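For reference, the chain that follows is the form predicted on its own, supplied as structure tokens.
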């Protein structure tokens, strides 16, 4: 019997369909979510199945998110979709000040079970204004849970867990991963919203990443082969950060490398390195791969040197181990087109 393979977007759609079928309080808000291929294919057909619970909205992010926050406070479980992180910033007050703080202000007896899905990160030709991730901004907000799915299987499990959670949960979805494929269980299941996952065990060096950086890290390990024993950790959650899993790994390997697919300044990688440094488990200086501290260019001639690639990651790991670098040239497709590979 062949495995059931879904794309990242298909896994998100299935998760939404299943929680809506199971719980009549779940509803969906967002620009274009009622379209045939709504929200990049993640809500297609749901309006026909749940006509009174899927709402196409105007380009009014603040008002729409505020309406959803109010419905969550009143007992609904809304899912709000923002197709670009830059657009979601217009709803910053509703996310960061209202949803994130409401339960705390009222003694913990007034949950706000809202899920906010936001597409983030790189996409060919989108340039400086539509390729931001802003992970550090969302991760710094007390009162929010913030997760980044790195695979179709995780995307489905995290979305279901987020809908069931009484707290506001932000799901930052790297659009670079939307075409990824993987075996995804058909039934309802959940992934832990606050727990990192050890993707591969190793003893020489700990490699920590998340989202699209995690996919590049996986590919880097296939290049390295047996030249180094790498423990690969998918951070999964950036609020809260699972320092315990990372520190346990670095306590064993004594070396740490972090891959960010955004700027290093005030970023997730810096937070991971700080946690390991405070724990006193490093025997050498940590390595931090990230994007330059400039906006992402539009030109492909410039973006080919912008993001950490699998070759850069592999070469940096080997350098940290005192071994010869990898000599490999990447094609235009590998550098600039979103991956459509099938993950294990």
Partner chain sequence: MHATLLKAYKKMFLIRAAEQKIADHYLRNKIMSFVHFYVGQEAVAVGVADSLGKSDKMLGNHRSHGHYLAKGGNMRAMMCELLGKEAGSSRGKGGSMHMIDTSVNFVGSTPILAGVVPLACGVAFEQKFYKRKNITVAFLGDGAFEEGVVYETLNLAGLFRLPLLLVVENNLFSVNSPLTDRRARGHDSKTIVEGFGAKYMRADGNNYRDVVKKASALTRYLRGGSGPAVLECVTYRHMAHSAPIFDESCRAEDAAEVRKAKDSIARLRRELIKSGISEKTIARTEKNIEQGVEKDLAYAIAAPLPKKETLFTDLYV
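Note that the structure is predicted; figures quoted are calculated from it, not measured. Numbering follows the first chain given and starts at 1.
There is also a form predicted together with the partner chain; it is not shown, and the following applies to it.
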query: Partner contact for residue 167 in the predicted complex: the partner chain, 4.5 angstroms, heavy atom; finding: no
query: Residue 306, heavy atom within 4.5 angstroms of the partner chain in the predicted complex; finding: yes
query: The partner chain contact at residue 84 in the predicted complex, heavy atom, 4.5 Å; finding: yes
query: Exercise: residue 145 in contact with the partner chain in the predicted complex, heavy atom 4.5 Å; finding: no
query: Contact assignment for the partner chain in the predicted complex, among 111, 125, 185, 194, heavy atom within 4.5 Å; finding: 125
query: Heavy atom within 4.5 Å of the partner chain in the predicted complex - the one residue of 190, 90, 137, 223 that qualifies; finding: 90
query: Among 65-73, 309-317, 273-281, 286-294, the region lying within 4.5 Å of the partner chain in the predicted complex by heavy atom distance; finding: 286-294
query: Interface residues of 319-344 toward the partner chain, as seen in the predicted complex [heavy atoms, 4.5 Å]; finding: 332, 336, 337
